[in-house]
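Here's a solo chain for you in structure tokens, the form predicted alone.
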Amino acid sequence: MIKRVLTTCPYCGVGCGFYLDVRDGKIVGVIPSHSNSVSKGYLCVKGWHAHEPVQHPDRLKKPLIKQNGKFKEASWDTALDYVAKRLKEIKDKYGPDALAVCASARCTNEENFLMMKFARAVLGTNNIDHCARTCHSATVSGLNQSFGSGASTNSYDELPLMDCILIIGSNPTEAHPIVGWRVRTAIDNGAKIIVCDPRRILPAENADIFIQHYPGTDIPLVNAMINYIVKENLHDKEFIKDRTEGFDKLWEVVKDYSPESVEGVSGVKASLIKEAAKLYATSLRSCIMYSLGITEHIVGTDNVMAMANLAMVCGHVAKEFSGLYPMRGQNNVQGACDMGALPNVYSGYQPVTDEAARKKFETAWGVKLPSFAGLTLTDMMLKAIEGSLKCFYIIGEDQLRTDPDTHMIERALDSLEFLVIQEIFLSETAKKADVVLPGASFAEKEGTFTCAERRFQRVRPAIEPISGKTDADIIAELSRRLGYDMESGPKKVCDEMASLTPLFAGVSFERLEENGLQWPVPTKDHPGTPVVHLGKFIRGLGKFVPVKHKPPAEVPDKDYPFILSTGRILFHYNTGTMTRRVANLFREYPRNFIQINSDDAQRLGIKKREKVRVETRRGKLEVLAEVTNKIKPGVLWMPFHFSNEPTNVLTNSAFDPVCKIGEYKACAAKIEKIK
């Protein structure tokens, strides 16, 4: 007999719903949920295979302790006792800020809340961060300055009814396929599509306007659009007057960015910029969809604020059918931010430096909390190399393959006195650990995820934890060994989170049973908020923040004449830890590759599927060449899903000074045929 368990997909941040079919304690299949308000009965190719990695033979089942350079299996009590002992020793010897915690966008909201609590109440440090630092920290910092909230403004349900969708730095067809389907529906309903990307991605094939600009030139492109909109009197003067501040300061900057003046730097004809600006500004229902192509730059925060400036100039925000959609890459990266898995805020973005907020958490948790912000993930790595960070406890992240400049990350991890990894597979980072604790997959735990449209959704266990413990169990048991009794039941943790977090005060498991709730949910009878900033921005008035073009940290030169950028493909996910263990997905793309323009390839004598050597100032890699006209001349592009051919040995660890996000999307490179 088959038991059918409703849960939420563990891949990207879209939040699709499906059932896991269970027979005799084994998951045997996936069935899409037609009642799910996000996916409406559809799944992408990864979702259809989401159950397969759960029971893969490579799953970690027992704790591992490294002895003389080799891992030995240990009992749970032995491993947890040892970890607690070492954490206490390091804290006592060097102080709490010698320790750091990396929470996980793969884990539930409740587990991230516990990890945030563990770092602050048990270890006594605000040194907690997670992978949003390397993907959407620029969204949090940028939209928070502009609007007062660093999240999507509107709901997926509005996308098919848009008149105009501007897609920039995002490839929804491959990275967020179910949202890509919503865009396709909008096209069928008559929507106009503008795509801005260095590659001719699939959405560009159906676009009314395709702008192929150089990586790292988003600000001059967007500023030129604003320049044209204002000069042609297409801006929403009433919205600007009543709902915003700082327009005069914005104009002082963008008046110098005429479409003609940015042709050279962006590689886009002025006429095309004007056409796109007019279409976006004059359409009644217009939205902007962006992702890591905007955020992963040294000007990531500025890029995001440029998007906000464009939306506010046209009055295409703070209303239904007009807003910004920052597409999140991981299933619960929104939720991990929301739960306070960041160095400067508690849950609901309550600053750790705010005395009233801090005292509220101190009273609830019965401990004194640190009053200053902790280290970002970027700074943690630098401090490890410098020697002041001694210990790192990482859950569900593979820093050695996800962070830019792999060699630098390796130096950081090797510099630590103690490294604990909590994972479901022995990742490349886990191989560096002193102790590996086997975590639980999405199919083995209860709790909630929060998708990119700010929707809390339920996660339900289909099978018992393969290792015998959930991630919440592990955190709570470590906490008890360190002298702090911590509740780990997901429902009770959710209730505790709601009681301490005004933004989510109305959230509970009972209220999420149907289709979840979109925050803010300030009270127990509040219906949720599909559109934020209606009537008033969360910060009061929307703020125009003028931004100027700043080139990438590395630009092409005679030694490295190309711009290298990175991204995702449909059949794989992040470092491929899960998808490369699915036979049907691995078959489609079993190894890494690099895209190069046909003219560039001909000039260098590179033929299709030939092996080439790609090199930057940080490393080199040998991969197969994909010769195509879909990429701009002078630009190279690679996915980052293959740990045996790791693209991030090439990428640049230069970072945005505001949010400390790395510049994955642009670095100087060279490519040569292997003779």
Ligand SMILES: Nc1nc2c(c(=O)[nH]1)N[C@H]1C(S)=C(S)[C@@H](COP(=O)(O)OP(=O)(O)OC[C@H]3O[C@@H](n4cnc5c(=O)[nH]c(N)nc54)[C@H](O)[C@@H]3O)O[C@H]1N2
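A quick note: this is a predicted structure, and the numbers were derived from the prediction, not measured. All residue numbers are counted from 1 along the displayed sequence.
This next part talks about the form predicted together with this ligand, which is not shown.
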Contact segment among 343 to 351, 517 to 525, 215 to 223, 361 to 369, judged by heavy atoms lying within 4.5 Å of this ligand in the predicted complex | 215 to 223
Does residue 569 make contact with this ligand in the predicted complex, using a 4.5 Å heavy atom cut-off?
-> yes
Please check if residue 150 has a heavy atom lying within 4.5 Å of any heavy atom of this ligand in the predicted complex.
-> no
Do residue 396 and this ligand share at least one heavy atom pair within 4.5 Å in the predicted complex?
-> yes
In the predicted complex, residue 424 touching this ligand (heavy atom, 4.5 Å) = yes
Counting only heavy atoms and a 4.5 Å cut-off, does this ligand in the predicted complex sit next to every one of 402, 574 and 651?
-> yes
Between the options 479, 244, 467, 134, which residue brings a heavy atom to within 4.5 Å of this ligand in the predicted complex?
-> 134
Students should find that, of 254, 292, 306, 436, the residue having a non-hydrogen atom no more than 4.5 angstroms from this ligand in the predicted complex is 292
Interface residues of 175 to 201 toward this ligand, as seen in the predicted complex [heavy atoms, 4.5 Å] = 175, 176, 196, 197, 198, 199, 201
